[in-house]
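Given as structure tokens, the chain that follows is alone and in the form predicted alone.
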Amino acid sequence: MPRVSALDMPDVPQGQLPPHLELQRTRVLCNSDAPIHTENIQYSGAYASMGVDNSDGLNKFLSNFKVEVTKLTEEDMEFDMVGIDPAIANAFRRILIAEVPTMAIEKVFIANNSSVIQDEVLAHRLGLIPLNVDPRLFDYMSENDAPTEKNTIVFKLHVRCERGSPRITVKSDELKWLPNGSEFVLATEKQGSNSTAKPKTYTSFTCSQDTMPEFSSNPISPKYPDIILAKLGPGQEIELEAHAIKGVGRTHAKWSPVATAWYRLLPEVSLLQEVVDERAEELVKKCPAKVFDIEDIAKGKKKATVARPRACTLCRECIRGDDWEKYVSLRRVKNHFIFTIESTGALPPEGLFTEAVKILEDKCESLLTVLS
């Protein structure tokens, strides 16, 4: 039998895909048991017999790609990224979590801790406090570098609960910024001679950080003043110094600038046929996300409409039982990502996304340099 191609079929339009193939190429179909057509068809010649070019070129990417911000607050941001591959969306997510730098407390010098919290637990809690400072103003610090005003931020914590007083709660607002650096004298200096020279401390600041224009009107402090660090009983005391340095989330989670960064595909909810009267009311009640609504039509009849498709969480309650799959179709658009960034507070969410774009750009330039 001779092989028949789409070129020999007059019913198949050339230069475009039939509707069922276009649906499989661009949508994930969500059935009641499992989603189907989840894979991306990346082979450029997949539809060559129909005269369709499936390749991804720069011009095609530029014409299709767009970013639209739908929500922006001080702490979080939601935006749509349209016309990209899942690998690129996931690259942004991973960069935001693990590669955008922040400042976090790394070293804790404890002079006195008579509270019930162990030293290492207290140090761990201090490290997770978000700091209200732009990390782009500081340099990375290696093991051989001395702590200076360019790579280190020093905080002091000294709280005591007097005997006979009620228990007190130590919060993050007790951390006081020391712009001149450490005040703790090195142990070797304490044992040295009675020199009149200024004793050496754990930092080597050449100037005060509050004299820098970046911090003169915006002092460094914890982002949130009410984070509980410890509770002290009568007679208990905590005295320590905390040194913050620049780092990234892949080293430790305390340097991750986001509480979370995640994305989901744009939901697409379609009614395959009219759902009217009692069945329409049943459909509205079935959906916990309130995607559907009731619309009045002529002669007192009612029909269901898709009012809020973006709110769909893909719980699939609307297509369970009684052949509801004949009435409702749940889909996800493969190249339309709803991206959410929740900042811990060091940088605004829009700033975090900008930094992630720069990091991805640097990675691409490094790859091109190696290949060339």
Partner chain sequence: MAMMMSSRHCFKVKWKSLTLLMEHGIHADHSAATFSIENEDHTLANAVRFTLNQDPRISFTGYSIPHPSDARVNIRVQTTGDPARDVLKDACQNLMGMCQHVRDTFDKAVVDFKRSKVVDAMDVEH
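Since this is a predicted model, take the numbers as computed values, not measurements. Residue numbers count along the first chain shown, from 1.
Here the subject shifts to the form predicted together with its partner chain, a form of this protein not shown in this document.
Comparing 282-290, 129-137, 95-103, 223-231 against its partner chain in the model of the complex, the single stretch with non-hydrogen atoms within 4.5 angstroms of it is 95-103. Contact between V69 and its partner chain in the model of the complex is found at the 4.5 Å heavy atom cutoff. E120 belongs to the set of residues with a heavy atom inside 4.5 Å of its partner chain in the model of the complex. Although the partner is absent here, D85 lies within 4.5 Å of its partner chain in the model of the complex, judged by heavy atoms. When its partner chain is considered in the model of the complex, K156 lies well away from it, no heavy atom lying within 4.5 Å. Proximity to its partner chain in the model of the complex, defined as a heavy atom within 4.5 Å, holds among F205, F215, W177, F79 only for F79. Site annotation in the model of the complex: the residue of I245, L265, C161, V258 reaching within 4.5 Å of its partner chain with a heavy atom is I245.
Contact check for Q42, S55 and S372: all three have a heavy atom within 4.5 Å of its partner chain in the model of the complex.
Along 337-371, these residues reach a heavy atom to within 4.5 Å of its partner chain in the model of the complex: E350, F353, T354, V357, K358, L360, E361, K363, C364, E365, S366, L367, L368, V370, L371.
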